[in-house]
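Next comes just one chain, in structure tokens: the form predicted alone.
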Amino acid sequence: MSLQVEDMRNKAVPKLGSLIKQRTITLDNAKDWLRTIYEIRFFEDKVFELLGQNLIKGASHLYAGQEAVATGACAAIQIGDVIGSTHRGHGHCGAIGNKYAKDDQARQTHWNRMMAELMGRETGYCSGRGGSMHIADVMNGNLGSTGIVGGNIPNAVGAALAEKYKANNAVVVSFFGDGSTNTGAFHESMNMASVLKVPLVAIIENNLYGMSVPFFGSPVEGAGCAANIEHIAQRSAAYGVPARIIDGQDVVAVFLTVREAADYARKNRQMCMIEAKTYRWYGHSRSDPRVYRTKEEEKAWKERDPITVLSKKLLEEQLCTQQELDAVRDKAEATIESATQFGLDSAWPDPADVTKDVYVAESYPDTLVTNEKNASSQAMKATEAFETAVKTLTGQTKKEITEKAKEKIRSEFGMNVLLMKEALIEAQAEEMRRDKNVILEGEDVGIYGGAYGATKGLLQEFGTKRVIDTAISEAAIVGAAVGAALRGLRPIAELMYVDFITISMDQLMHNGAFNRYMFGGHAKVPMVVRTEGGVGRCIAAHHSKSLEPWLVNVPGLYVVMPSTPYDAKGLLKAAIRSDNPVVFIEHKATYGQMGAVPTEEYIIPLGVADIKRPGKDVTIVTYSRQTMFCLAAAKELAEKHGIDAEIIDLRTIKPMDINTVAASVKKTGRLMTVAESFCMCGTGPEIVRRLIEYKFDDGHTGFDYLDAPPVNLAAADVPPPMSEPLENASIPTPDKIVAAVKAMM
């Protein structure tokens, strides 16, 4: 393929007969294409009808008119290749399902499951949880669709990255519409795919309109314009990749072009783009009056119906009779009628299963939990001994004293003393050695070693294949991690600051967190997003927030926040091994913190809190850097005020270990929460809610054991300020914790 944009629409398409003689295809292939086109058309017509009868509910964006694109493209790729779909994805799902169907019964089952899914039935591809806009068959190479325009593209790039990494010679075909090409996800993804040289075929189904806005001009008065270029393929020049413009109504043209593009992507490990000019028969959705386009335009396009175009080829070349074509049509219609009845006869999902498959269940041996508690206690003692040694040992330099203290801890406790960032590096390195499917990608994670040095040295050991520097493209970074995880890798995606996670929330939530549930439990997304947050460096509001309350609000996500090097290493290793998407948030002010870490292999179970300091008078629940502040406050409370505070470090914010909290409050009668995030809808109020509702074996609730109103300490309701005095004033500090405990006592 040439790096120039090639417009193939005016070039002659080889006749079917010549392709059959050359053994490029068989006559059965061509007839099967027609059958698939008919099946998609009848399926969409039936869906339109059922929407009107309220037998299918919700939004359905119909693919009728565009069938040649999905049919030709899926016919052109190989078993083992992968597709990514869009909200207008019935055609893609229909065509790829037919490809994988080994006989007519399997084909019927495929359409049955599609129709049942749109009806919200248990027998659907996703057990009724995804519906029209989120239908998927991840077992057979269909990564699924998304209701967010352009949201599917980063996942396809990640899937292509995974296929390249696994060296299995597979390609990924990403279908998306013209509306997607004006989103940031499109530009970030195309740039990433071209730079990383992944085997991706990007197929733009340009049906001329986003929802109602024309991509490039319209004769209708008042109609807008989405772009200043007529052909989307022109944008390929920005990414340095080849592109072609084709007639999307001609399945033969689509097949030949996609076959060549897939061969190119497979051979060169490089993406290419195809713009298929096509047209949707229906509007954006059933309620669309289509006032933005003319009847004359619709008539002209329908004269080039994919059914008409292919049928005419078969008849004019005398490859089929009209009777044979009618038989193909009738068989397709019967398939969809049977699928419709199957859907209507299928059972609804059991409401009792509403929470099923949100997460992959974590399982840890009881001995691991018990042993970890002992190891944590030892690490705390060793860290305290190290801090004492640093204060009491002598030497000519601070470095010499520190090394002496480290050696003392190694000798007495058999533990190393590491900086927080060193513990993170060890965790990632150990897991990358343990599992070849663990990769690392993000901004400056390679030569630079990470913005805070938490990936230093990994590039040198694991190389650019597994430690991948990316452009500043948070949506693409996280979205690619989702796609790679869906295809069997365990990616670690690093974002410099948690503040930037806002840019990637579509990918993190709608795809990373929701895909398993939306796809009926058939998918796993084992990925980690490593980032950092919090104040402490005077870098103001855009680089200092604590956004864990946003993240714990998302079903399907785990959120982990370590406070010590020991916790950081053990929790990160567990997060990498988890089959759930995990957001791992480090505090920027802790990277230089030192602490004892076992020399032997260990992990810390996710969802298990740690009692950092036992006590009997008040329970203080916290996490991340605030754990250190709470321990400092507890020391002062004990030494100066005779108050014995128990400090619980949640470590994993979601899933939350409320059992440990409740047991502590039952003992102390008082609860205080301390967090650096904002209080409104924050983690503190959530801890209180869960404690109040907690049911003990004796029938009492957590509320019954409270001797005083709970207190929530959190950040002030202000954006994090830059000035150091203001920064300190905006968050809980040891003096404020001491004052609050004294007041509640």
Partner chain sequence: MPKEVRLPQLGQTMEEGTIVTSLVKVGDKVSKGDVLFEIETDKATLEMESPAEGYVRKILIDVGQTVAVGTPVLILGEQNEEISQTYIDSLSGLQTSAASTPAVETPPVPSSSTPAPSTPAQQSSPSPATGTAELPEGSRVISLPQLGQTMEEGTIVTTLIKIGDEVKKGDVLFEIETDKATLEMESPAAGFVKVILVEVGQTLPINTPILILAAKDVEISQACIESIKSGGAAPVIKPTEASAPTTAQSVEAPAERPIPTGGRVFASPRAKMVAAQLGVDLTRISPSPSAVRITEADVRKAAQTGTASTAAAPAKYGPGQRIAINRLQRIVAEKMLLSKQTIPCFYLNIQVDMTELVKIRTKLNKSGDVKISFNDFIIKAVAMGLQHYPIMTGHLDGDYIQLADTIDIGLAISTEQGLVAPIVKDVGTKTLREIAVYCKGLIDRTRADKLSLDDLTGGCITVSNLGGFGIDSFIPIVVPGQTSILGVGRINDVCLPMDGNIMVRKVMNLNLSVDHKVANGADAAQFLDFVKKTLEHTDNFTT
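Residue numbers count along the first chain shown, from 1. What you are looking at is a predicted structure, and each value in this text was computed from that prediction instead of being measured.
Unshown form predicted together with its partner chain; subsequent notes refer to it.
Asker: Using heavy atoms and a 4.5 Å limit, would one call P598 a contact residue for its partner chain in the predicted bound form?
Answerer: No, P598 sits far enough from its partner chain in the predicted bound form that none of its heavy atoms falls within 4.5 Å.
Asker: How about K57: is it within 4.5 Å of its partner chain in the predicted bound form, going by heavy atoms?
Answerer: Looking in the predicted bound form, residue contacts with its partner chain do not include K57, since no heavy atom lies within 4.5 Å.
Asker: Is there a heavy atom of L706 no more than 4.5 Å from a heavy atom of its partner chain in the predicted bound form?
Answerer: Yes, L706 lies within 4.5 Å of its partner chain in the predicted bound form.
Asker: Can you work out whether R670 and its partner chain are in contact in the predicted bound form, taking contact to mean some heavy atom pair no more than 4.5 Å apart?
Answerer: Answer yes; at least one heavy atom of R670 falls within 4.5 Å of its partner chain in the predicted bound form.
Asker: Counting any non-hydrogen atom inside 4.5 Å, which residue from H231, R613, K666, K166 sits next to its partner chain in the predicted bound form?
Answerer: It is K666.
Asker: Select, from the options 677-685, 58-66, 28-36, 706-714, the stretch whose residues sit within 4.5 angstroms of its partner chain in the predicted bound form by heavy atom distance.
Answerer: Of the options, only 706-714 has residues within 4.5 Å of the partner.
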